[in-house]
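Before any questions on how it binds or moves, here is one chain, the form predicted on its own, in structure tokens.
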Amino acid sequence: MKRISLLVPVLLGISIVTFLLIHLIPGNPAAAMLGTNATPAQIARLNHSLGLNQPLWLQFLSYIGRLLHGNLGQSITQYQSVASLVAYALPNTVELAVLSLVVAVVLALPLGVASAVWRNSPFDFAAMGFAQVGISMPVFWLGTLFVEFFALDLHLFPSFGIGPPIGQALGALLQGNLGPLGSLFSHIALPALTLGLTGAAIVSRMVRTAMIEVLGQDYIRTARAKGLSATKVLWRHALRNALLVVVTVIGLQFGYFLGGAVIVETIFAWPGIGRLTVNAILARDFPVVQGCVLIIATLFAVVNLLVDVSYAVLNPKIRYQ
């Protein structure tokens, strides 16, 4: 409850920052949205429709009031509500982020644990070399390589676009039709691998560091002295205690996948919130940019809250501190 109460001022601060984005634009924001060929009458109409002709404090109260009612404003270029645009794009981004996180964790956990167990071995050097390359490699370059090799050369995956909705794919699967599910995974495979490999490089290094520290603790030696198998000592005692640090990194990576997938979504033409933000920036559709930034920042704050709560699940002592 204390962590949830601390989330309230964070969300208020996010709202203030996103509100100020429009007012930090040099000159008249309406003129910036309409371009250099806009007439004074057009600028005046847009100022009036956006409420930019009102005092700043009144604009902020109106903005907060609209947010409390789920109103993120109206898109200037697409003539739709920002909430409807976000409602379409956000599930696609969450779908991509979840699968990318699965790829990252599935690769990083065994890689990091094995590197810690066989520390300073050839496997350790190879695994940490892979992690170093993954951290250093720009995500736009990796995505471009995947498109060139897997899509254009080998024709194994589509180079852009999105498959059928996951609900439709699962419904078809229950009826014995694997086609929609296969199309869904073929479209999401390359962007998920692009994000997931980058995340796996970061998480595997953290898993290795945390596991090396835990494996040197007295309770691990005691567990071994009692005759517990190496598997139980490693996975039940060592990894669970090491996860306290690792979960923080995984949570931050998931927040990055939600908000930082802008480049990947642009490369693969994935219709998520990142691509929506980029298109809105290019079109100077600032209400959409404002709404997308607010949603991304809020999601990041909520993910951090869930990570904090997960500490008590992994270590019950924390809830009494």
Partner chain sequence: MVGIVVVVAIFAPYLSPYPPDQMNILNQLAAPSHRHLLGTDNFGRDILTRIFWGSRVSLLVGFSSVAVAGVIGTSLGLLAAYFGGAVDNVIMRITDIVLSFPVILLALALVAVLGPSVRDIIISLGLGYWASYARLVRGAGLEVRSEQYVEAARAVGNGHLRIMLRYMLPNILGPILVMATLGIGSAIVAEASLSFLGLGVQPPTASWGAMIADGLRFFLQAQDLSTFPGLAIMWTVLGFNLLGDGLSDYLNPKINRGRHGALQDEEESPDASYVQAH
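The model shown is predicted, which means the values in this text are computed figures rather than measured ones. Residue numbers count along the first chain shown, from 1.
What comes next is about the form predicted in complex with its partner chain, which is not displayed.
S.K.: Only one of 33, 263, 46, 67 comes within 4.5 Å of its partner chain in the predicted complex by heavy atoms, so just point that one out.
M.R.: Looking at 33, 263, 46, 67 one by one, just 263 meets the 4.5 Å heavy-atom criterion.
S.K.: Residue 219: heavy atom within 4.5 Å of its partner chain in the predicted complex?
M.R.: Close contact is absent here: in the predicted complex, residue 219 is far from its partner chain, nothing within 4.5 Å, heavy atoms only.
S.K.: I'd like to know if residue 305 sits close to its partner chain in the predicted complex, meaning any non-hydrogen atom pair within 4.5 angstroms.
M.R.: Taking the distances in the predicted complex, the answer for residue 305 is no, it never comes within 4.5 Å of its partner chain.
S.K.: Given that its partner chain is not shown alongside this chain, does residue 259 nevertheless sit within 4.5 Å of it in the predicted complex, heavy atom to heavy atom?
M.R.: Because a heavy atom of residue 259 falls inside 4.5 Å of its partner chain in the predicted complex, the answer is yes.
S.K.: Against its partner chain in the predicted complex, would residue 138 count as a contact residue? Criterion: heavy atoms within 4.5 Å.
M.R.: Contact with its partner chain, yes.
S.K.: Please pick out the stretch from 33-41, 59-67, 289-297, 46-54 that is in contact with its partner chain in the predicted complex, where contact means heavy atoms within 4.5 Å.
M.R.: The contacting stretch here is 289-297.
S.K.: Any residue of 77-101 with a heavy atom within 4.5 Å of its partner chain in the predicted complex counts; write them all down in order.
M.R.: None of them.
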